[in-house]
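Shown here is one chain on its own, the form predicted on its own, set out as structure tokens.
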Amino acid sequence: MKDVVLGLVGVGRIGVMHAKNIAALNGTLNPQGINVRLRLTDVAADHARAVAAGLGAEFLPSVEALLASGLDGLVIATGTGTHPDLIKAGVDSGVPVFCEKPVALNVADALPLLGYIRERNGVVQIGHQRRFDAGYLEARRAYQAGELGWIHSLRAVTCDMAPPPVEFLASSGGLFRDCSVHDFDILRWLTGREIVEVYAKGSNNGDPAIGAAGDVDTALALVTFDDGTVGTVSATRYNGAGHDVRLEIQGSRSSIMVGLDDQAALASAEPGVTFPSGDPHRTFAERFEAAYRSEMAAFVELILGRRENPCTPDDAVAASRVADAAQESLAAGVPVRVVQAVSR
């Protein structure tokens, strides 16, 4: 039995979710001869100790102590502003790193970090969990197999049931950077094409404090790909029907939709139609529960050299470039070209 020791920094909402998923990995990886052990730390020490105790994990008092304890991989689930320094610390310690998106607060801050990682041959996986969702995986397979023909339209939707605290929104970078960046990433990943232009509009009909914080509660972006294909990316903080994440791909031969299941947060207006009849998801954690588990299992496989990196920092920054262009377009009211990387 091979031990894989993971260190986790940050046990807020998403950090606790990752901690639970890591603790549960042994149920799926033990048959493969892998035993995963968890160590964690957080500045909220009492809370972190309680989380560790509940999961049979080990609490350590600092990031430095965590890295010095002999890890096989580092998981970062702290606030975005801390990501660059923690990624550097993990790379410098010589272990693979998993970090929640985004790489940094903005692309300008992320670019030096990309060079830092490359120069030191660092291994860093960024957390874009939709790449592990069964629906998105099937849509990508169908597209790559030619079953859809050539694509003429894509429509991506991400709707939160209720907004997070305004204090969070004020430092999130905006709706496109915080929320729609997942759609921008998945569109690039699924099509294999770059988004070259964005034209965005937004509105504020909910809490006025969101507008006062410099954000919008609802937005729509028209995106153009490098082959001329067009698509839309929409997002809102106020979808009372439930957490709604979908992607519609229409091709010359066939069409497919991700997220159209019995828990979809919508209802048909057609007489006699009762689908969907299940309880809608309320949060992203419920909607992507299985994807988050698969994502962490993939990180262990990456540590063991059994798979390639499923989401590199360069991938994540490419999606952030589109989000930056969308935020710029939203502010300026005109289409904005996406700044492309010099090299990939």
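All values derive from a computational prediction rather than experimental measurement. Throughout, we count residues from 1 along the sequence that is shown.
There is another form of the same protein, the form predicted together with a small molecule; it is not shown, and what comes next is about it.
Highlighted residues Thr158, Phe176 and Val339: none comes within 4.5 Å of the small molecule in the predicted complex, counting any heavy atom. Leu38 falls outside the set of residues with a heavy atom inside 4.5 Å of the small molecule in the predicted complex. When contacts are judged by a 4.5 Å heavy atom cut-off, Thr236 does not count as touching the small molecule in the predicted complex. Under a 4.5 angstroms non-hydrogen atom cutoff, the small molecule in the predicted complex lacks Asn106 among its neighbouring residues. Within 4.5 Å of any heavy atom of the small molecule in the predicted complex lies no heavy atom of Val51. Residues with any non-hydrogen atom within 4.5 angstroms of the small molecule in the predicted complex fall in just one of 223-231, 82-90, 251-259, 266-274: 82-90. Checking Ile303, Val63, Ala316, Ala57 against the small molecule in the predicted complex, a heavy atom within 4.5 Å turns up for just one residue: Val63.
The partner is absent here, but in the predicted complex a heavy atom of Ala77, alone among Leu190, Leu113, Ile210, Ala77, sits within 4.5 Å of the small molecule.
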